[in-house]
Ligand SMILES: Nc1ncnc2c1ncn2[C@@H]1O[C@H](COP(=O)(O)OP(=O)(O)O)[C@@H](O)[C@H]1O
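Shown next as structure tokens: one chain only, the form predicted on its own.
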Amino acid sequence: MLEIRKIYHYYGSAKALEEVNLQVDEKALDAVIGPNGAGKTTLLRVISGLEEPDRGKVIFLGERIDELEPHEIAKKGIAHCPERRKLFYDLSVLENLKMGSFALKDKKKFKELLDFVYETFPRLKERKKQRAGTLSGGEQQMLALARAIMSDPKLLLLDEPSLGLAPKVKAQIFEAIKKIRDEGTTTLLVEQDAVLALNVADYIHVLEEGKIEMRGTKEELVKEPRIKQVYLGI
């Protein structure tokens, strides 16, 4: 479904991504792990068109998209749930969800998606009239994820969904991510918490200093001494 071919990206003279190759299959849940500053967020921003690669190609459903504007990429079916949520804090929960579905013309599909979101995140239904800025951090992350789902994406990009959350809330968010995958939405997850990522993803890509240094299934990666030492602390 998604193919990244030899992507390079620079910030001035600093190299953020170097010859990154990555493929995500349809209905898969893939994760990109790595330390702070590895280029994980930049990779998602390149895919969604918020950053333009200096070299390389992004192919989505057989079509090159790296030369398109972000809104054009979104219309192709890619939803980006950004780091630190970036909600419309003065709008209600329901209004934020409606903003996520702005390009959706099918009213029946909107109702189906809204029902799915409320079933997955009951607290959002309870607080649907509440301003997003008054929600807890965990509730805001639920809303950011739900807003992305409301666009009915073919590919969901998640940037650090566990950032700053308590362990119990992290577990709830990742249960929701698994449910979204089980419903058939292809997902690419960027996550610094390697344990969470390894436990949920079908396939993992290890990004360090802008390069993919390792990749494989959980069963393959947990056998690697470097993964054990650096990411799992064992």
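For every residue, the number given is its place in the sequence shown, counted from 1. Everything numeric here is computed off the predicted structure, so don't read it as measured data.
One more form of this protein, predicted in complex with the named molecule, exists but is not displayed; see below.
L196: heavy atom within 4.5 Å of the named molecule in the predicted bound form?
No, L196 is distant from the partner.
Heavy atom to heavy atom, is L22 within 4.5 Å of the named molecule in the predicted bound form?
Judged by the heavy-atom cut-off of 4.5 Å, L22 is well away from the named molecule in the predicted bound form.
4.5 Å heavy atom contact, A16 to the named molecule in the predicted bound form:
Because a heavy atom of A16 falls inside 4.5 Å of the named molecule in the predicted bound form, the answer is yes.
is_contact(G37, the named molecule) in the predicted bound form, heavy atom dist at most 4.5 Å
Yes, G37 lies within 4.5 Å of the named molecule in the predicted bound form.
Tell me the stretch among 64-72, 41-49, 181-189, 198-206 that has any heavy atom within 4.5 angstroms of the named molecule in the predicted bound form.
Within 4.5 Å of the partner lies stretch 41-49.
Of these, D152, E139, E83, E95, which has a heavy atom no more than 4.5 Å from the named molecule in the predicted bound form?
Going through each option in turn, the one that passes is E83.
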